[in-house]
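There is one chain below, alone, in structure tokens, taken in the form predicted alone.
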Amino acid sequence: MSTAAPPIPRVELAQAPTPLVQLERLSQELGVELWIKRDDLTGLLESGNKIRKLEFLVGEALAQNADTLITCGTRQSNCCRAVAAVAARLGLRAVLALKGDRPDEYDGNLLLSRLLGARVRYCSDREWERVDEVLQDLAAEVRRAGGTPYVIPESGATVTGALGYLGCGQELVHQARHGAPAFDTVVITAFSGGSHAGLLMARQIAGLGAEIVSVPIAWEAKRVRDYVTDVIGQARGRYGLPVTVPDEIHLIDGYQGTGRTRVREEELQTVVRLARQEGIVLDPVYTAKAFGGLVETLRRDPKALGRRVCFVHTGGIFSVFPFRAELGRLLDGEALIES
């Protein structure tokens, strides 16, 4: 990190640097050099962008002598699964507060979270409305049992978590210095916007030259921009990082679809098309929405984001499996127009 900042606790978990891969057939089709940074390959069960955030979140937890990680999310939360995997790897306990009732059978990320030993508290809709209180109740239970909890908000959405994508931006700069392409634009999926904030900080601290653009898949654009602004301000105040909020925070808006956990056929079509065209699997909930927005933007104007564009694949492959029925109907019906 910056030499001006005090040491920031970190535990190395990601298998990095993650590869940069050109999408050759799609690049030719779109008339732009399109690449993917394979941040879905940051590890095995900890795969995806969450592990970069958890390097700093868990680093802080260990610095506080925590022995139990507590977080929340949907039943198919990538972050919850990653927390469970990291806890198992490091010999910690994991407690998850998940929205919804206990399902009749485990699947996808939930199956993996339980397999990894996480304890689950299922939350009704009413409980989910006060999930922060639920997390604090779970932390109190851990303390009463003699443990030391560390609470991670949903998706690791804190300034500490955002440092993971400051690190990713530094990694892109390092890769460019060693022969990888320098990109005009780096595009990333946005839930809250923390990863976007991290990459923007890398522009100032590490000299990352690319414009940073995110595609919101749940929150409205203003809320994402406000969050990015807040995180950068917190990074300056809490960690002493020499960063300021840029004049513009660039988004590709309008691809939130029907909400974070609901998926339309067009997002499933994006998953299938990229799998068949380039051999890379997106997840329907997050990356397929964002990648679809990017491709649609480039179809309208191949020059919109510069000559060379990189999409950061933030992972989530295990989220494919709960959509097996929908994908099966789509594939069996051959509803896709082959390109």
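It should be emphasised that the depicted structure is a prediction, and the values quoted were computed from it without experimental measurement. Counting begins at 1, following the sequence as shown.
Another form, the form predicted together with a small molecule, is not on view; read the next lines as being about it.
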Inset, instruction - With the small molecule left out of view, choose which of Thr71, Thr160, Thr189, Ser113 has a non-hydrogen atom within 4.5 angstroms of it in the predicted complex. - result: Thr189
Legend entry - Gly193, heavy atom within 4.5 angstroms of the small molecule in the predicted complex: yes
Inset, instruction - Using a 4.5 Å heavy atom cut-off, state whether Thr314 contacts the small molecule in the predicted complex. - result: yes
Inset, instruction - Would you check, heavy atoms only and a 4.5 Å threshold, whether Ser155 touches the small molecule in the predicted complex? - result: yes
Legend entry - 4.5 Å heavy atom contact, Tyr286 to the small molecule in the predicted complex: yes
Inset, instruction - Quick one: find which of 172-180, 194-202, 247-255, 91-99 has residues within 4.5 Å of the small molecule in the predicted complex by heavy atom distance. - result: 194-202
Inset, instruction - Could you tell me if all three of Thr18, Thr42 and Arg52 have a heavy atom no more than 4.5 Å from the small molecule in the predicted complex? - result: no
